[in-house]
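Next up is one chain by itself, shown in structure tokens, the form predicted on its own.
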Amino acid sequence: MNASWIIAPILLPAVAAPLLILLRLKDHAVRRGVSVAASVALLAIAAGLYGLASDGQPRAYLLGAWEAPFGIVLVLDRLSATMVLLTAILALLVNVYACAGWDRRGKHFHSLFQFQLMGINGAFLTGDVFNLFVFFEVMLIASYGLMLHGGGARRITAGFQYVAINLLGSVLFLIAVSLMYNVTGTLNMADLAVRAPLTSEGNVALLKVSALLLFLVFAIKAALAPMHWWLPTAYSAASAPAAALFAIMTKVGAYCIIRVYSLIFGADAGPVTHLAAPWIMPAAIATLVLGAIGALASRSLAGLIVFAVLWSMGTLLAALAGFDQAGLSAALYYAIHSTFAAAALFLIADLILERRGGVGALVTAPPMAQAVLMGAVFFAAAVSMSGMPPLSGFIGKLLVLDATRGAALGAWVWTAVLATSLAIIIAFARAGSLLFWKAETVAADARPAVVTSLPALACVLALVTMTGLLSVFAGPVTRHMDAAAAQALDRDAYVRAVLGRSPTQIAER
């Protein structure tokens, strides 16, 4: 596999999505087959690209052979390869789960699903800020459709709020991009990394405004407080497969913060060095607290899960706030863990809802079918998400605490993480008690009839197993994350891969 394959994770879903629409496939089984086959192919390509990136050499793909920074460029390194592989694994499992029945509850589910993957993969691979905006729009437009999939008044209301906040984010993104281009004359990330430190004194203020506007956009997508309010409403109202796929979308926001504010506005960026860093840690602590309070106050299983997701984003963002290798490595490990744990919980909640006869509130209900199996997978996923041993959440939390030990607000982070972890544990323990221990006595024929879907159960078990594997292979995984973090902080290597020269050589010319 060579650098020409870098475009494949974008091109494959970009072809599959319109194909599913234009062919007007009447046979639902054929549509499912095409969509799942595309997801399998995406996983194979992502694994190949991850292997290609493992040599530590960033690679650029110049579309149309236009020389950077004038043409469109895609960049593969350990960081982007890791995120694309994570997306591919999640996409395949969620797609198979949706084929158990959710995809029949609305039109064009699989087309929207593929367009969503196109936008997500494009955001991870692009080396250009404007094309990052373009892929954000592709991702968001597809997510609007997935958000409303299945209909219902509650979903439409939540979808309106979701669309409104993301449209505002798009406007701010476009303004930021315009200001950045006006000041620097470029939107290529590698070129911006060279030009940002050289910004004239009269234009520094405009560059700072554009950088902070971009941070606001990424913070909205990452659900960083106080821009978090859209997430609980949107994710709790979305269908289970959509919510499970959306687990990666908050990581897109975190990825963009890492990429832009370590490459363009990172170390040695002159007057805009670490411009966003002072804002991240306090906001991450606030996100931790708000997520824990929301989880304790939740009266439904879906509400508990979405606030646990919000809490996990606070933990992740606290780790990356220092923009050092230890922090970024911890953040990447935690991002992988929390994506699998959150997706598993969303799908488990759907299975539990089905087996409780549609009762989603955390109240006593008739005993559910397969209570032992459902209880076991819920327990494992809850243990992982809340950060209890021996699963990956515990290891991820330890990495985050170790990475923030010497930070200026390190004591606050430790206090917030440990205290809110206890709150999350209590919230999940209460939910488990109500779901599985306290049950109303009813006649056997009054219990909801459930048709077991083996593929759906297999997907849930696979997601939970992933959190276990992250724990078993924590040593090799953390070494890979250390390497990815070190490479993400190596501005010179990224610039050389894209522009063919180091920043020093460019400056000398």
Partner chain sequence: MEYLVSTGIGALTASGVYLLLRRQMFPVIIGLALLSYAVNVFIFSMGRLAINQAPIFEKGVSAYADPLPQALVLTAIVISFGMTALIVVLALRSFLETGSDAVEEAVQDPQATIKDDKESVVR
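Numbering follows the first chain given and starts at 1. Keep in mind that what you see is a predicted model, and the values were worked out from it rather than measured.
The next section is about a form of this same protein that is not shown, the form predicted together with its partner chain.
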*Closest heavy atom of residue 199 to its partner chain in the predicted bound form, within 4.5 Å or not?*
no
*Does its partner chain come within 4.5 Å of any heavy atom of residue 156 in the predicted bound form?*
yes
*Close approach of residue 402 to its partner chain in the predicted bound form, 4.5 Å, heavy atom*: no
*Exercise: residue 230 in contact with its partner chain in the predicted bound form, heavy atom 4.5 Å*: no
*Heavy atoms, 4.5 Å, its partner chain in the predicted bound form: which of 177-185, 370-378, 86-94, 118-126 makes the cut? Say which one.*
177-185
*Do all of 133, 160 and 361 end up near its partner chain in the predicted bound form, with near meaning a heavy atom within 4.5 Å?*
yes
_in the predicted bound form, the one of 278, 389, 432, 106 near its partner chain [non-hydrogen atom within 4.5 angstroms]_ = 106
*Which of these residues, 249, 290, 263, 353, gets a heavy atom within 4.5 Å of its partner chain in the predicted bound form?*
353
*Counting only non-hydrogen atoms and a 4.5 Å cut-off, give the residues of 376-394 close to its partner chain in the predicted bound form.*
none
